[in-house]
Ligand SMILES: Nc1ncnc2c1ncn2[C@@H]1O[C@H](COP(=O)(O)OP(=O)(O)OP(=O)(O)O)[C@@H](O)[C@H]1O
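Next comes just one chain, in C-alpha cells: the form predicted on its own.
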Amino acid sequence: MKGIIELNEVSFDYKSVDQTTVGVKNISLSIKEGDFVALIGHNGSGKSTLAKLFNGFLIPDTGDVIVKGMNTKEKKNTFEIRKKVGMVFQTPDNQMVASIIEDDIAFGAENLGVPREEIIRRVEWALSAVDMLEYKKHTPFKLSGGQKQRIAIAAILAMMPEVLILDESTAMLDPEGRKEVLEVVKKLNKEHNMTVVLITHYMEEAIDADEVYIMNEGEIVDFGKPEEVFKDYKKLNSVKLEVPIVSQVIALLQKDGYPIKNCLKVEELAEEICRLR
C-alpha cells in the first residue's frame, strides 16, 4: 500500500553562505495513513529540513516527495499539499495572529475560503480536540507554554489536515507542558486516525510511535519499531542521542544475566521486575 507521504531518493542542500544548516542526503521512506512516526536526532541532524520537504516548504534538489499522489515539485499542487499536511513549529507565540483564541483558530480556515458556518463548527471541534474549548474567548498570551502549543495545534486542526507534523514543538516547554501536548497528539492519532510525524530529540517522546527514524548528518541511519531501535544503545550513543532510562536499566539487568524482556515504559519495567521476583 502506498504511503500518504512517499520520499524517493530525496536530497536537498542549502545553497547559501550559512553552512551550519544541514540538508538531507538520498532519503527514501514511506509514511502510511494513520501512522504515528517519530523522527529523532541531535540538533542539526537534518530533522527540520526533512519536515519542510514533507509539505513543500522546501523542494528537493534530486528525488521526489509525493503527498497523496501529488509531487511537491509541481507548483499546481502546492496549495492542496499544504492543506493536507499541517505543521506546528517550536515557538507557539510565533504562530499566533489574533488577540482572542477563537479568532486565532479561525484564521487559517478563513484563508482557505471555508464558509463561516463551517469555520464556527471547526473552531469548536479543534478546541475540543485539544481540550481547550473553555478558553475560546480568552487571550492566548496569558496561557502556559503547553496551553499555547495546544492552541497552535488547534489552529492547524481547523484547516482539517490529514497529516500533522510537529517540528520540535515541545522543545521550549517544561515537562508538564510536553506531557500535555503529547497527550493531545496521541489522542488525535488514535481517536481521529490522524497521521502524525513527531520530530524531537527527547527519546521518551518517541516510545509510543509506530515507527522511529534516527537521523544523523542529513541521513537516516536506522529505523524500526521503538522497542527495537532503543535497545541498540551503542548506535544511539554514536549519533549523540541518550538512551531512554528504561532501556538503560534493562541493558544493565540483561548484562547481569536476568531474563528480562525489552520494554519502553516504567510501568512495564516494574511489571517485569516483579515477574522476576
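Not measured: the values here are computed from a predicted model. Throughout, we count residues from 1 along the sequence that is shown.
Form predicted together with this ligand: not shown, discussed below.
- Within 4.5 Å of any heavy atom of this ligand in the model of the complex lies no heavy atom of Ser247.
- This ligand in the model of the complex comes within 4.5 Å of a heavy atom belonging to Asn43.
- For Ser48, a non-hydrogen atom is located within 4.5 Å of this ligand in the model of the complex, even though that partner is not displayed.
- Interface residue remark: Tyr258 is not counted as part of the site for this ligand in the model of the complex, having no heavy atom within 4.5 Å.
- Only one of 63-71, 205-213, 223-231, 35-43 places residue heavy atoms within 4.5 angstroms of this ligand in the model of the complex, namely 35-43.
- Scanning Asp103, Glu124, Glu168, Asp131 against this ligand in the model of the complex with a 4.5 Å heavy atom cut-off leaves one residue, Glu168.
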